[in-house]
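Only one chain is given next, in structure tokens, and it is the form predicted alone.
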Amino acid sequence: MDLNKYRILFIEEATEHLSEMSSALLELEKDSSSSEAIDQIFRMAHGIKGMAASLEYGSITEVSHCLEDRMSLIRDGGELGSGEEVALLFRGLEALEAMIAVVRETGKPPPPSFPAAVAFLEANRALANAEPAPEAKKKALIR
């Protein structure tokens, strides 16, 4: 099977998804409760995750899955949290852009220890440990 044509398709579609995610993140900076922007980022991360998984690009799959999960929490809470959360989302976008650039330039997946991916995943864990549980976030928003 010639994976090259699938790699090319992945790069094209992922590049479009990243552009749409970037636009949606900029919208979220202006309006932290934009459900359309939140849903857009979720869908684009989900799409990249699926494409990456099918080509066995493990580190891209992991970062996009983590970003998708983060957007799910934001969706459940109804809006974007702190400025730290905005920064984290931009870090995730930058990590995906860098990893997809590796695929574009080398034709190979980025390694599991890709620095931008590791930095994003560690920042996500740190923020997750510092914030209240999603259920507590929902209750705080309802009050």
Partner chain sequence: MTRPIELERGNDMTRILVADDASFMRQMIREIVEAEGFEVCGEASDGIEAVELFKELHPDICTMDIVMPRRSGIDAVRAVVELDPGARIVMCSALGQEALVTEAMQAGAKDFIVKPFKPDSVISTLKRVIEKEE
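Numbering follows the first chain given and starts at 1. Worth saying up front: this structure is predicted, and the values here are computed from it rather than measured.
In what follows, reference is made to the form predicted together with its partner chain, a form of this protein that is not presented.
- The closest heavy atom approach of residue 50 to its partner chain in the predicted complex falls within 4.5 Å.
- Residue contact check for residue 106: none of its heavy atoms lie within 4.5 Å of its partner chain in the predicted complex.
- In the predicted complex, its partner chain sits within 4.5 Å of a heavy atom of residue 42.
- Taking the partner from the other structure, its partner chain in the predicted complex has a heavy atom within 4.5 Å of a heavy atom of residue 9.
- Screening 96-104, 50-58, 82-90, 109-117 for residues having heavy atoms within 4.5 Å of its partner chain in the predicted complex returns a single hit, 50-58.
- The putative spot formed by 2, 13 and 46 is fully lined by its partner chain in the predicted complex; each residue has a non-hydrogen atom within 4.5 angstroms of it.
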